[in-house]
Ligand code: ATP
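Below sits a lone chain in structure tokens, taken as the form predicted on its own.
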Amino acid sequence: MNRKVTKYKRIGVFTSGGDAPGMNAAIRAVVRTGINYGAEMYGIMRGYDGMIKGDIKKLISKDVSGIIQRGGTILQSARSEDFKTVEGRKQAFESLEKFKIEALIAIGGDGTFTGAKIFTEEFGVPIIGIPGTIDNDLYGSDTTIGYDTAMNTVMESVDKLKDTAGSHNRLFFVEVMGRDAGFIALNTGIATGAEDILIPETTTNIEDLVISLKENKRKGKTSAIIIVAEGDDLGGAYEVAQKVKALDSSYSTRVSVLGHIQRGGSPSVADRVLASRLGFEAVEALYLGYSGVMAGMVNGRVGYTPFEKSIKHHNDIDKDLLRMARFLSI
């Protein structure tokens, strides 16, 4: 990708939806790559909400210094109900025209790209997406920005919980994010040696879970960790714990919901490199004439997936990993 075919003088960048560690690294890469191409770069605050309200500011290289190691997003993030309306999108387009912004880089997840797809179809604004979500559920990229950091945060938290679980002979149900996808739960469950992993992609049988816990107790295990994705079919960790206790009240049970701690913290090396590369490649894609696509990494190479495909399709859980986790948990 070394040949320019389109010239943009002003490019906007924004983050939308749930924040993810590494978003700042992506913003930094987008701004500095755009400046190297001779464009003026503009940061749009609070995603589509800021676009509608015209909360937009020019960014220079110095503005993105010292942010690569920071979690969250300096541009802030929000969900916008107004952008779901034709009137709201028209107002957003008028804001871009006021600042003479010709193209956009959108950093976010499926909700962000759903809005971007409609916006570019209605108003013809060229948009390239960058996958920034801890859920790792976007088709067209092996991993998404923030996913690796979130997994490490969960792993460190569960490691600490295992210490106290072992000290008090307790059964811990640990709820992690994953309303529709169990990537975080599956991989952190393997990494922490959890006794079971409950995810949305599989059906949870509470009787089988109790039998498995009893068998572990018979083998001499005095404590256990169950990782529960928030979107498990039986409900979150509290619901699963109550169902287990109804069948067997012999356990000293505790529930820990990790919640938004998974979104925070300094991004890992993997997330900083991924974010930097995709930020760079997204701007390159604009100058090559791409629009309406998400830049992602597939098998170590950059690829571009239409928004519609990245939204409708999702990365699949590796069933072999789930099978392996069950073998290793005995």
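Owing to the predicted nature of the structure, the values given are computational and were not obtained by experimental measurement. For every residue, the number given is its place in the sequence shown, counted from 1.
The same protein has a further form, the form predicted in complex with the ligand, not shown here; the description that follows concerns it.
Stretch 72-80 is the answer when you ask which of 254-262, 72-80, 237-245, 152-160 has residues with heavy atoms within 4.5 Å of the ligand in the predicted bound form. Using a 4.5 angstroms limit between non-hydrogen atoms, Thr133 touches the ligand in the predicted bound form. Shown alone here, Ile211 lies farther than 4.5 Å from the ligand in the predicted bound form, counting heavy atoms only. The closest non-hydrogen atom of Asp110 lies within 4.5 Å of the ligand in the predicted bound form.
In the predicted bound form, the ligand lies farther than 4.5 Å from every heavy atom of Ser223. The three residues Gly182, Val298 and Arg323 each lack any heavy atom within 4.5 Å of the ligand in the predicted bound form.
Residues Phe83, Lys84, Arg89 are the members of 83-97 with a non-hydrogen atom no more than 4.5 angstroms from the ligand in the predicted bound form.
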